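Coming up is one lone chain in structure tokens, specifically the form predicted on its own.
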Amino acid sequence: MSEKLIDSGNNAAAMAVQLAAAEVIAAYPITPQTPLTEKLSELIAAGKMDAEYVAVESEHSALGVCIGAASAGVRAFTATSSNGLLYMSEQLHWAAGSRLPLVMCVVNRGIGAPWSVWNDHQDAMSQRDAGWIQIFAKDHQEIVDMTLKAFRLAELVHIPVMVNYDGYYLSHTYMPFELPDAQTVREFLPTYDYAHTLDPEKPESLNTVTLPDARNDINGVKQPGYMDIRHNLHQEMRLALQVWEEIDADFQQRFGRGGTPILDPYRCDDADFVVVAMGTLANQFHDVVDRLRDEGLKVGVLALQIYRPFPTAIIAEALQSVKAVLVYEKGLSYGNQGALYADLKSALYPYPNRPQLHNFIVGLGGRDIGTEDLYQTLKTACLQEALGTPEQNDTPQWIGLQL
């Protein structure tokens, strides 16, 4: 039987990891992630979870332990935030290059310096090219469901998965969610079986120094060189989108939830103007959209559920009939534009019907994101588009500056 609970987002994530039957947990505490791994340690100490908790001296070591565990054929999990994710950076690339099916929750928080313990998406954005699949949850139910689906995805495609959710907005708030039945989860998520598990009876040479060109191994079989390995990771990451959709369809059949694994639209069917956002920011726009609809503006919001691999064709095709797209985001590619905005602009470039694009930077370092500010900026941009007088300026508009 499923169980309905009201609890924090961090505890929701911990209970999902428990249901996933992770066998090794290695983590180092960092705000606002700490309660997640504390909960896991409590579950293990109480005998409610058959796993080994490894207390390490740093985030770099935490992911190193998980890399070792996954290589030995054990389902492993870790979590972090902010500068902790940056401290893992070398190991992030190693895990992806080794094609290890790891899952990590990143409780999104601003990066220092200057120090901030508050939420934005800059930590995840800074590691978007590390070779990890990145998904973003909007509420506690999605934290649970995405974490379970992430383990299955990682183990099917042999690419690590990062489950992102907003610090404090989700990690520390209490919301209702449904915890699936453990037996049904076991049927959905089979026992971890890694094809290249370290085994003295079946020795393999893994992650040696790779030469530029492909060469034959001792059995005369041509093996890829470094560039070929990178090409394979890229191509299989792109194919992971289809696998993610198939996993979601199975999840929906078993648990009755899902159906929007890549894009989650709200009032977009007849929209002239569409907001694109990730995480809780997309949910916050629901009230704004309803208000503008009441005023006669056909506005919708499209939540991007998976950021890497970027669903280039899917999102571009979804926006072909709209007049303008307004990208609101809590991250920045310094010296250029918002990272999500730049990705979306690139996706739309080859298509004949390219809507006008507007970029808004909000909430960095936990700066308050006022719903009224979202309403005013969105309404102004939509009215300018409707009147045919949009500002042709590719520079991001910063909302909430106090200079």
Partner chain sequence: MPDSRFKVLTSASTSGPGDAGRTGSWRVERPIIDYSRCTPAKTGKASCHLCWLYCPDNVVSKTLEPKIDLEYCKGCGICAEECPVKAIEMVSEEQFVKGGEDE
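As the structure is a prediction and not an experimental result, all values here were calculated from the model. Positions refer to the first chain, counted from 1.
Only in words, not in the display: the form predicted together with the partner chain, which the text now covers.
*Asks:* With the cut-off set at 4.5 Å between non-hydrogen atoms, does residue 196 touch the partner chain in the predicted complex?
*Replies:* Close contact exists here: in the predicted complex, residue 196 approaches the partner chain to within 4.5 Å, heavy atoms only.
*Asks:* Please run the contact check for residue 217 against the partner chain in the predicted complex: heavy atoms, 4.5 angstroms, yes or no?
*Replies:* So residue 217 counts as contacting the partner chain.
*Asks:* Just checking whether residue 155 would be counted as a contact of the partner chain in the predicted complex - the rule being heavy atoms within 4.5 angstroms.
*Replies:* Residue 155: contacts the partner chain in the predicted complex.
*Asks:* Counting only non-hydrogen atoms and a 4.5 angstroms cut-off, does residue 269 reach the partner chain in the predicted complex?
*Replies:* No, residue 269 sits far enough from the partner chain in the predicted complex that none of its heavy atoms falls within 4.5 Å.
*Asks:* Quick one: find which of 292-300, 164-172, 271-279, 197-205 has residues within 4.5 Å of the partner chain in the predicted complex by heavy atom distance.
*Replies:* Heavy atoms within 4.5 Å of the partner chain in the predicted complex occur in 197-205.
*Asks:* Which one of 245, 129, 181, 236 is close to the partner chain in the predicted complex, taking close to mean a heavy atom within 4.5 Å?
*Replies:* None of the others qualify; the residue that does is 236.
*Asks:* May I ask you to choose, among 249, 117, 229, 314, the residue with a heavy atom within 4.5 Å of the partner chain in the predicted complex?
*Replies:* Checking each option against the partner chain in the predicted complex, the one that comes within 4.5 Å is 229.
*Asks:* Which of the residues spanning 358-373 lie within 4.5 Å of the partner chain in the predicted complex, based on heavy atoms?
*Replies:* Stretch hits: zero.
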